[in-house]
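Starting off, we have a lone chain in the form predicted on its own, written out as structure tokens.
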Amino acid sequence: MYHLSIERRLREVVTSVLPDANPNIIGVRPCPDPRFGDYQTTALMALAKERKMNPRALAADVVRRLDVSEWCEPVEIAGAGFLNFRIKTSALDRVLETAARGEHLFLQKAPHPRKVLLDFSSPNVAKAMHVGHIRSTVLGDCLARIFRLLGHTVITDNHIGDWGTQFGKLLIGWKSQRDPAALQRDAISEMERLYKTVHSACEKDPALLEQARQELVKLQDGDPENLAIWREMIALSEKQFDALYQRLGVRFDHTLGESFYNPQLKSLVQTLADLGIARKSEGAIAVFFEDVPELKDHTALIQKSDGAANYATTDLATLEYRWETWKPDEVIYVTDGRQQLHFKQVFTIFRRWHPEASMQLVHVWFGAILGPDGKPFKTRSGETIRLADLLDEAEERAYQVVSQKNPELNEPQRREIARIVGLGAVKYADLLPNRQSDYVFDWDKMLALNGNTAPYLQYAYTRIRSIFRKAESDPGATPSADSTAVALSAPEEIQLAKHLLNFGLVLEAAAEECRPNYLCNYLYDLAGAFARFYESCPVLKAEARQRYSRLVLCDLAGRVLCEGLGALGIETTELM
């Protein structure tokens, strides 16, 4: 919070000293080493270098004019021209008091809110969602939550795969081999069985493959029977998707599948050809990138030689629709790293096609989930793990831990705690690593009550709530709106308060770089700072004024933990 006030004051002074300086490059950030201060700016060194000035002399001139005494100890000049700021304890007291009154939770809404469209999850119709979908779904949902928390307008769109060559084979299987009882029992498994059976048969029987192609052509031409079957497949698939999304606490504003854009594809290809962006090549229509070094060896097909469109065509139609319909400031695609080339091509083509479109296009890509053997995470038989089965196992493993730790709780309580802990553990394990890294899926590690895990953070929250349950017998002990005197003194209190102060900064950094791991690590450090405070500073046994201050700290630490975990899509519980 205070860094913004310091930053504002600093910009005013620097632009009075250097009227041509760009105020946007004058920033204040947390000090990398807390021994030297709480916040720091390095901007003066760059400004001095540009103007061939002595950076320390410029720093001294700025410090002479800079008055931040209401928040900071005297500003220190370090090194070649760093400015270090140390927040006064009295200023910390004031910001805790305003937070205790509910005026803020150490973050401010974005002064210039953006409209952000997030495309994530994107499962395929007639297939079970599997472990590979967890990263896109959890990461996309987390980014949506963080952007909303910061005051941005967010639109979420689940671009499901509901069109393409696989439906010809599915239609044959549906008409000739469908088992109605199996379809009612587990529709996705039955549709997967039908596809595998017909696909295998097509590899041996060219006539059957041709029949599948004809069924697809009939579907594409609007044949009523095939359209009705296709719509039923979509409805059955969405029922499975919706059940999993509800379980994960994920919601979408729109679910516009590939088929939604099908009517636009032929005219899109024609337009790109007319504009000279695309041209014929060996019977197909393609876009070349001779002027883009990283893409010049990678041609993008937008129409195959048989006249069919592909992913690039559909994604271009999708982008145009999004621009015309919502006019977002930013469109973010959350997919695995294998699609990097695809999105570089699509973004480049769209820029040529619509140079007037001002929206920023971002591909947020991530690494793979690996098993203990370092290979893609699969079942022992080599099958891809279903997402529903993964979540079931997470809850069951958590239930065993909860039952061992709290046998006195009744079963419904243990089941609900296990649901919150199990799902939280899976999500956190996915969000904690640098998203561009592969990570090893490790049940024991992710469910541990110590280390950087969701259960550890959830347990820290329950410890804080238990303090207030113990304090209920003394109404004067709990923070209230009409009692606002906070007075910090112990080093552990001050360290915890300063950590709380940076909550908004971390959220902004996580949003700017689309890296939720920043927030994960912040919350882990917060839990550690709280543990050190609680071990060193008696709360309920302290004298009245100190007890009130420490309860305010406990309350705010709990609220930030809860809000931060909520931004990760992770629930908290009062008991564990």
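Note that the structure is a prediction, hence the values are computed from the model and not measured. We number the residues from 1 along the sequence you see.
A second form of this protein, the form predicted in complex with ligand ARG, is not displayed here; the remarks below concern that form.
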Touches ligand ARG in the predicted bound form: Tyr333 (any heavy atom, 4.5 Å): yes
Non-hydrogen atom contact Gln345 with ligand ARG in the predicted bound form at 4.5 angstroms: no
Contact flag, Tyr321 vs ligand ARG in the predicted bound form, heavy atom cut 4.5 Å: no
Contact label in the predicted bound form: Arg419 to ligand ARG, heavy atom within 4.5 Å: no
Position in contact with ligand ARG when the complex is considered in the predicted bound form, options Thr89, Gln339, Ser189, Gln360, heavy atoms within 4.5 Å: Gln339
Contacting member of His499, His133, His152, Arg145, with respect to ligand ARG in the predicted bound form [4.5 Å, heavy atom]: His133
Candidate stretches 419 to 427, 227 to 235, 120 to 128, 201 to 209, one within 4.5 Å of ligand ARG in the predicted bound form by heavy atom: 120 to 128
Non-hydrogen atom within 4.5 Å of ligand ARG in the predicted bound form for each of His159, Tyr311 and Asp315: yes
